Structures are given as C-alpha cells and as structure tokens.
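Okay, here we've got a single chain as structure tokens, the form predicted on its own, with questions on binding and movement later.
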C-alpha cells in the first residue's frame, strides 16, 4: 500500500502548496536525471501550433513562462547547488515546454497562492503548475487543463504530540495552513473551533510548527511526507481526509490553449512520460508503482 493516496495530487498541498511569495523568475533547466525523462517527451506537430494562438506566441518567445514554486519538496524546489528547479510540477512544466518549443526551456515565476489568478490574467505567466486544486469557484477566474494529479490533505505535528488522530481533534487548537489554500475551508468544515494561522510557504509553516506557534500543520500529504523525511522532528498522524485534483492553470477563456494542453497531457500519460516524471520525484519517497493518472476533464471546473 502506498503511504499516500496519489490518484483518484502540494495545498493541502494544495491544496496549493502553502503558497509561495513572489520573486524574480528563474530558469528551470532540467537536471541530469530529469533530462533523461524529457528526452522521451513528445513534441507537437507544426500543424498543432496554430497561427495567432497562445502556442505560437510561446514558440516565438522561445520559452514557456510557468507560475510555480521554488520551495515545494518533490514538486518544484530550487536545487541550491545547481540553481535548477526540480520535482514533479517542475518537470511537467518542462515537458509542456518541450511539446511547444522542441526543447524544455522554461522560466519559473515564483508565485504566491494569492496571486496566481492575476499572473495568468495579465499574461505574466502562460501556465501554472503549483498543486493548483481545481474548484468551481476558481474556474470562474481561470481555466484548468487536467486534472494532472490527485492528492489529499493530512496533518503533521511535532513528534511526541498526543491527542490528534483525526481532523476533528483540531477543534480548540491553533492550526497552521497555507494562506489562501483549500486547507483553510477544509479545517473550518471539519474543525470549526480551530484557530487557523496562515503562512506564505511550506518552509514557513514547518518552522512555525517547530516553534510551537501551532500544534498541527494541515498540508498535502506529498509535501508532508517530504518534510517529515527531511526533518524527523515532525510526523504525519492521519491518512488523507480530502481528495484534491490538481489542474494546470491557464488564462480564463482560452479554450484553444486548454484543448492543446489537454492533448499534450494525454500524450504524456500514454507514452509513459508522466509515470517516469512521478517515479523520479514523488516516487523517490513513496513506494510502489506510479499511480493511475486522473481522467482529464473528470472533475467540476476542469
């Protein structure tokens, strides 16, 4: 059995990856192991890059602008030694860039969960790969391709903490969560007497937990598994209690680009590239084979 439910995926990871603060864009060159996978990634036919389309604009620019994270373990984290951004979301963005450009050339704009919609609307980014949970409310502001991954929220505490074994146990306690993420309504629904304290990034939430600024941290299981592996002073105390489908954020109303991205996603799944990207990121800490990818267009808002 896998330690987390990976299909049915950063914030509780999503439901949105505890949100990141905005910063200058950084190149997202593939690492050596990522390059092996991306060499197998498909490339769109010239006829698929329609005149006047978003795809043509990206191709003419020569790089894909991706809204994402720089500090989300296993998903999109900047390697301090190389400066490259690595992980499942990061490599999915590079694979989409290769499909459009013929090479995985991306620029990752470190995006906050509070600003993703604006970044898409004003054209600062072309797409968002950031544990961006698809909801009908969000779909009023952005378009979602996918879902491309499914995960769920769980709860982490400092090792040795007792009395928390299910979401309802958070009532009356200080609980940490990412700003402007679905973790917040989930906590309010299941533990309405909890006091929610928000921070802008996963590292900030983990630090606050270790400093006893809250007794529990609600986040996507994928991130918490990575956090707990890196820092043995925290532990996960529940199984996932939500099912959160992650979508690829696109500018609202661009149906042509949405179809193009969904077609690309289907090809990455059919060719095994999606599965290889999972194995080289999330699969390094989760045992077993890659999960079955979620069905494209299968959730409201997608």
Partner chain sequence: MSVLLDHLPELWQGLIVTFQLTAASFAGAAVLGALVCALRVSPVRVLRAIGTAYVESFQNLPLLVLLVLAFFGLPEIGVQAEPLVTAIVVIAVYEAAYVGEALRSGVNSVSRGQGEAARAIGLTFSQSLRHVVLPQALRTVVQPLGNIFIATTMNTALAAAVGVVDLTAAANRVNLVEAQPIPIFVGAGLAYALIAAAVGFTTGRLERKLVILR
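Residue numbers count along the first chain shown, from 1. Everything numeric here is computed off the predicted structure, so don't read it as measured data.
Although not depicted, the form predicted together with the partner chain is the subject of the following passage.
Whether 113, 180 and 184 all lie within 4.5 angstroms of the partner chain in the predicted complex by heavy atom:
Verified in the predicted complex; spot residues all in contact, yes.
Pick from 71, 84, 117, 169: which residue has any heavy atom within 4.5 angstroms of the partner chain in the predicted complex?
Selected option: 117.
Classify residue 103 as contacting or not contacting the partner chain in the predicted complex by the rule of any non-hydrogen atom within 4.5 angstroms, answering yes or no.
Because no heavy atom of residue 103 falls inside 4.5 Å of the partner chain in the predicted complex, the answer is no.
Verify the contact flag for residue 231: yes if a non-hydrogen atom of it lies within 4.5 Å of a non-hydrogen atom of the partner chain in the predicted complex, no if not.
Heavy-atom contact with the partner chain at 4.5 Å: absent for residue 231.
Partner contact for residue 99 in the predicted complex: the partner chain, 4.5 angstroms, heavy atom:
Looking in the predicted complex, residue contacts with the partner chain do not include residue 99, since no heavy atom lies within 4.5 Å.
Taking the partner chain as it sits in the predicted complex, is residue 79 in contact with it (heavy atom to heavy atom, 4.5 Å or less)?
Residue 79 lies outside the contact set for the partner chain.
In the predicted complex, which of 210 to 218, 157 to 165, 71 to 79, 86 to 94 comes within 4.5 Å of the partner chain (heavy atoms)?
It is 210 to 218 that comes within 4.5 Å of the partner.
Can you tell me which bits of 129 to 144 touch the partner chain in the predicted complex, meaning any heavy atom within 4.5 Å?
The stretch touches the partner through 137, 138, 141.
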